[in-house]
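Let's start with one chain on its own, the form predicted alone, as structure tokens.
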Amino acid sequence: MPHSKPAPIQRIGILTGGGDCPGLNAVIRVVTRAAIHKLGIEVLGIEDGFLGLIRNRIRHLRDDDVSDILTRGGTILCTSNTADPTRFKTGTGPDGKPIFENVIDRCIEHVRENRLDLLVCVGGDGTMSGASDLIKAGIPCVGVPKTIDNDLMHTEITFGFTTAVQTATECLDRIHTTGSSHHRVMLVELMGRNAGWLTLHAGLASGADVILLPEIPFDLDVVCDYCLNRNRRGKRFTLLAVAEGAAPKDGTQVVERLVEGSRDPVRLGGIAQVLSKQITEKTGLETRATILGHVQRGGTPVAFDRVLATEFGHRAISMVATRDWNHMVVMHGGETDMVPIEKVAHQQRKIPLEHPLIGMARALNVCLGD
């Protein structure tokens, strides 16, 4: 007997998970419009990432809903970086401790209730890990890589990264002028978690004198000697770009807080303030620390990210049409491609020590702390 054709795709859902990021709205825009006009299918937006899937916060997206959103930062669907369907807080026990449950079945119920054929999941490694769990439960997914950290496996770049580098570079430039005016050692802490891509790119772009990365444990004495040597040579200020995940040799990362219920509960932060105090104590030089924080996430995406996000979203819709489900869009050699989501989940892409930019930094006599 001949094989029956698969049922036609009629409805897809789209969610944006994890931290917000410039370019998310560009993806929502192209996925919605291409699905409607190219494939003739309906699109439903899932609000607040996986939390919306758990709580059934799902609404129709039409052409007008995605009009005039290309240049907007953030996401019109909103997001959550704490909702994990495999470990969701459902209450508090008599002892005051939170109660966590696996609510994947609730997600399946809402997918069926809304008659969704598959989900387009836009996010970073946490979102792809969540999508992997849904795939195992029988919910098809297509992934679109987003993160300012640029730390997703198997893709050369993620959208949002270039905008964050531009924002961070502008901030470093402004700190630079203050440092030179007051003869200070200026430390600027950047995001990136356990990967130093953002700090390395912004540090090089701003001409930072010291760049401290999670991939290269630093020696405090080396950093202090570098600052003192600059001072002796008449360079009476030093600019340090410090990744939030940077840590000293034989030391640990500075943890700002733990977020209960999050797939990745550790929130790094504060290394610049710790280092500022230590440098002052060891060198006698006046220091100041600035933590850029969420300013790196916000604002309108630069043109490159608008195009890249649109390109990724368009490839995702093509994968929906060709039934290349359970894969994530990636960029290789300037061309879009795809890899299984399970190969991306639960991993982070860090800077290889032999990366050309590391070698370039050393050639410029930038101190990497080692």
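The structure presented is a predicted model; accordingly, all values stated were derived computationally and were not measured. All residue numbers refer to positions in the sequence shown, first residue = 1.
Omitted here: the form predicted in complex with ligand F6P. The next part is about that form.
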{"property": "Listed residue that, although ligand F6P is not shown, lies within 4.5 Å of it in the predicted bound form (heavy atoms), from 155, 81, 162, 276", "result": "81"}
{"property": "Residue among 106, 267, 282, 176 with a heavy atom within 4.5 Å of ligand F6P in the predicted bound form", "result": "267"}
{"property": "Per-stretch contact check against ligand F6P in the predicted bound form, the hit in 289-297, 203-211, 114-122, 91-99 (non-hydrogen atom, 4.5 angstroms)", "result": "289-297"}
{"property": "Heavy atom of residue 110 within 4.5 Å of ligand F6P in the predicted bound form", "result": "no"}
{"property": "Contact label in the predicted bound form: residue 192 to ligand F6P, heavy atom within 4.5 Å", "result": "yes"}
{"property": "Any non-hydrogen atom of residue 148 within 4.5 angstroms of ligand F6P in the predicted bound form", "result": "yes"}
{"property": "Sequence-ordered residues of 219-244 touching ligand F6P in the predicted bound form, heavy atom within 4.5 Å", "result": "244"}
